[in-house]
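Take a look at this single chain, the form predicted alone, given in structure tokens.
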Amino acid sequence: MPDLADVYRAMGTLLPFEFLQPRFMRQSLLGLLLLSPMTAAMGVQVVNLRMAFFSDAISHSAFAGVALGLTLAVNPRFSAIVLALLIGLGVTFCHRRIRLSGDSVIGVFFSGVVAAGLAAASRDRAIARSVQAFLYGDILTIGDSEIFVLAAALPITLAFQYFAYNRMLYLGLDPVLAGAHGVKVGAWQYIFAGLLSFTAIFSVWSVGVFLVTAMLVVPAAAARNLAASAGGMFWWALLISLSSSVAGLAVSAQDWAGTATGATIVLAALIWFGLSLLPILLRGARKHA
């Protein structure tokens, strides 16, 4: 594996801020700069396709994934990714094959992964402690191996957006009509489910199980309020996600704050969302004036 020491030294030179002096802070910043565009891009589709509950189910599969890894003596992060991909693809398969609504299918899988995780945690205190770490997440513990995985996943995600962005918008409006116009509905749904599952699990490591949906949805929701077009929504989401991640990391590192990095990132995104409501409220006030 290549050494990233030169990258971290360059970051320290280009960004001579006090909170970035420790190497682990530069690692965290690099991880967020790679992860944030992925969550922003996938979050746009989560909002347009109304799949926030789907990301919740994927994030909670971290419970069962970590427990499975510890039980089988394999890397729990690897097992969490594998299980998340299986859950994501399984939800998509069942939604397409059986006569149940998407929410019902997701609810069944959601219940299953949470129950499996809690059952495993209740049997072994060591597993319970490991699973608990995934509840809150900690981007400050990211290592070079995870950064290399994110560096490989980011161009794949962006390539998906380049080829599939308009198709996914079409699917959000009407999958049947999209299929009638030549869109490979099933193929794009499976690819999207796989990428979203991967992104959600990496988000668990940074913000924890409870805040994954917020990291995906809040920047995209704020972008939808601010954008004048579907394309503009993507760029607004990217800006909001990146700025919230950097601001959250910087604020959480301050002595006067002392807050969890993941929670602070989401709070920064919520500030963006609050600001995005102002133009809407002003337009409403003018109409009633």
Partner chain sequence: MNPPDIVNATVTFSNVTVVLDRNLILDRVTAVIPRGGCTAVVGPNGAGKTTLLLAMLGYVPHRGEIGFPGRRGAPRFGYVPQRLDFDRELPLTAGEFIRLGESRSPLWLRAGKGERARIERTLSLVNLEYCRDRRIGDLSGGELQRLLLAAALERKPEVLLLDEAVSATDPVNRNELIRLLERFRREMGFAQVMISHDLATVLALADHLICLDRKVLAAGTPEALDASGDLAAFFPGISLAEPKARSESA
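Numbering follows the first chain given and starts at 1. Bear in mind that the values here come from a model prediction, so they are computed numbers and not experimental data.
Keep in mind the form predicted together with its partner chain is missing from the figure; the text below concerns it.
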query: Exercise: T71 in contact with its partner chain in the predicted complex, heavy atom 4.5 Å; finding: no
query: Distance check, R26 to its partner chain in the predicted complex, heavy atom within 4.5 Å; finding: no
query: Partner contact for D174 in the predicted complex: its partner chain, 4.5 angstroms, heavy atom; finding: yes
query: Contact flag, Y165 vs its partner chain in the predicted complex, heavy atom cut 4.5 Å; finding: yes
query: Among the candidates A227, A263, L239, A247, the residue which, in the predicted complex, approaches its partner chain to within 4.5 Å (heavy atoms); finding: A227
query: Heavy atom within 4.5 Å of its partner chain in the predicted complex - the one residue of G143, G179, G107, P155 that qualifies; finding: G179
query: Listed range touching its partner chain, judged in the predicted complex by heavy atoms within 4.5 Å, from 155 to 163, 210 to 218, 107 to 115, 193 to 201; finding: 155 to 163
query: Within 4.5 Å of its partner chain in the predicted complex: residues from 233 to 253 (heavy atom criterion); finding: M233, F234, W235
